[in-house]
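Presented below, as structure tokens, is a lone chain in the form predicted on its own.
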């Protein structure tokens, strides 16, 4: 095992894997990824892994659009079978949010995103099994879909490994070593790794590493649930992925015959080392009620399972990423609230460019880790009305 590295990446979820991929694609070979469990064992592996473009701001939209192209070109870029499944994506909002939806679509189209507005009648034509009651207009992304999050993470890590990176599974990072205000390495359960750069992508386990550095960003680990319903008909409809903020719900196909459903409700703070990884029994009924309002046949859907994962939520619900100004050589991606699988290819590129080139080519100042301390939390004027803004944001 290496005792020195050019860069140590802490955490082998999708963001850590993407960062390692891009570091090695940009020419670095002495990269070590430290993972306390196994790759994608945290929020990534439990993710619904939607690959879509709809955000109420241009910053995340740009990252999502770049990442969609990456997923579409996966086999050529990564060299493993593509984990991406194209289904199309629908963004549905309450009638009171129609003007915001239209403004967001206009912004997205100006950035080159393949998205269009559909009337309720057009949604019904696209998906005859969908109940369009209450829909006045929806945004449709024909090229979007979802991915297998574990396969995506493993593919990126395998490419990084072939490029020279070392993946250490079952090794916990216990602290970042700082000498004279600069990163000097990482202490792990197996010893010290000297390195001038460290990238923290530890997901819901971030707070203990940050606290040792005197850093507190108000991050809260929250438990999020999903349930899978098997369609009670054969063949099962092949529907789009979607987010319905009017119902506080997101959904996507699960294989050929089922639908995965997540809700904004039931999200609570937990210890990421001690939480129930299966769906609560009382989560099933509200999830069924919500999805049946759009797909009535799923009122009789057969429960085929479910799970829960832990996401790290920032105070304003948006990711904090980039350099940590208190310590030269320290970078992090934190508090994404479970929304960043779809932007991971672009986020990894940005973090790698910071290290290799000194500055990313894309303006990502909106994500800076200092914005909360500056009293400037991220607020999108065209965000949609709902009580929480986590995984369906």
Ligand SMILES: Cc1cc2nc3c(=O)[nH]c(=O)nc-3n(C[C@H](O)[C@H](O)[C@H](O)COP(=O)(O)OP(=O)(O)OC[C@H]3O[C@@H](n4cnc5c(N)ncnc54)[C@H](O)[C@@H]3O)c2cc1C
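Numbering follows the first chain given and starts at 1. Note that the structure is a prediction, hence the values are computed from the model and not measured.
Keep in mind the form predicted together with the named molecule is missing from the figure; the text below concerns it.
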property: Proximity of residue 301 to the named molecule in the predicted bound form, heavy atoms at 4.5 Å; result: no
property: is_contact(residue 339, the named molecule) in the predicted bound form, heavy atom dist at most 4.5 Å; result: yes
property: Interface membership of residue 46, the named molecule in the predicted bound form, 4.5 Å heavy atom rule; result: yes
property: In the predicted bound form, residue 293 touching the named molecule (heavy atom, 4.5 Å); result: no
property: Candidate stretches 129 to 137, 159 to 167, 199 to 207, 279 to 287 - the one whose heavy atoms come within 4.5 Å of the named molecule in the predicted bound form; result: 199 to 207
property: The unique member of 355, 41, 324, 28 whose heavy atoms fall within 4.5 Å of the named molecule in the predicted bound form; result: 41
property: Residues 183, 215 and 351 all lining the named molecule in the predicted bound form, heavy atom within 4.5 Å; result: no
property: Those residues of 164 to 202 which, in the predicted bound form, come within 4.5 Å of the named molecule by heavy atom; result: 171, 172, 173, 201, 202
